[in-house]
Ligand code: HEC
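Consider the single chain below, provided in structure tokens and representing the form predicted alone.
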């Protein structure tokens, strides 16, 4: 039995005054709500709050602490989520904190493919913020007053004028400071087609499938077919000459390093950079498997990575536009009367209304 079906031992957060009793003071409450609002930004891509909030990939969360869990008009919860909830139960601090810590472990099969908020303090702040947002999406009056009072009690330092700031001696624009070597290294994570920048590690398609199902399938489909308007990742072989080609990793992308680099840098959606290097190897191997490039027992490593070529690589060419006469720095670009006669439309855009009907 899911622990969300266990009897709730904590009072439900229904209003800001109760939060004040828990947090002890207006200032502390204001800090937690304000901190929670900032932390909530990682959730806002799927769960809207505020006046006019609507359902996105996840349900809108206005008044979530006041309404029955797994029941909100206009949103279709997963069967795993509804099955885990006792009838007419409401979230409380304990149950919501447990869920946010690891949604996929707490409710296996939930559509919320999010690894969770590991810090107990951060979860408490997020819950404080959600508890202060009413069903209309407005921040509770008590919360607004507490935040205003906290701001008014803070001694404000006089604003330093730009004219009074010493101008740095470095840089063209004299802004900021020179980045530290470790700061540059933290951002320097790109992976090139020749393997430059690739971290040491390995991962197999089987492990990648488990990670994919938990953190990627909600958007990209169980087999890379895409859901809704999210990108399709697999298939499309032989369609590039069609009027509407299916541009996937297997049919269109030029380099395997592009796959690894993008997953490592930007995925999962809403929780980028949360995967380890070996996790990214595993997911990349699984995406190769979905595109029929390897067998299901395939292991991708930093040693064999550069051996693999994607099917469409040869159709990409080096960008040599800078060598063309038009882009030559020694030649002024033509701006008037560049061709003899009257200009004619030689090709038309697929969206017809962007190409003028008259020449």
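Between two forms, the rigid core is defined as the largest C-alpha subset superposing within 1.5 Å. Note that the structure is predicted; figures quoted are calculated from it, not measured. Residue numbers count along the first chain shown, from 1.
The following text describes the form predicted in complex with the named molecule, which does not appear among the structures shown.
- Heavy atoms within 4.5 Å of the named molecule in the model of the complex are found in exactly one of 195-203, 159-167, 212-220, 179-187, that being 212-220.
- At a distance threshold of 4.5 angstroms between non-hydrogen atoms, residue 72 is in contact with the named molecule in the model of the complex.
- The named molecule in the model of the complex is approached by residue 59, whose closest heavy atom lies within 4.5 angstroms of it.
- The named molecule is not drawn, but in the model of the complex it has no heavy atom within 4.5 Å of residue 106.
- The named molecule in the model of the complex is approached by residue 99, whose closest heavy atom lies within 4.5 angstroms of it.
- Among 233, 84, 288, 133, the residue placing a heavy atom within 4.5 Å of the named molecule in the model of the complex is 233.
- Of the listed positions (53, 310, 294, 64), a single one reaches within 4.5 angstroms of the named molecule by any non-hydrogen atom in the model of the complex, namely 64.
- Scanning 85-122 for heavy atoms within 4.5 Å of the named molecule in the model of the complex gives 91, 96, 99, 100, 110, 111, 112, 113, 114, 117 in sequence order.
- Residue 79: CA moves 2 Å or more between the shown form and the other one after rigid-core fitting.
- Once the rigid core is used as the reference frame, the Cα position of residue 108 differs between the shown form and the other one by 2 Å or more.
- Residue 70 shows a C-alpha shift of 2 Å or greater between the shown form and the other one [criterion: core-superposed Cα displacement of 2 Å].
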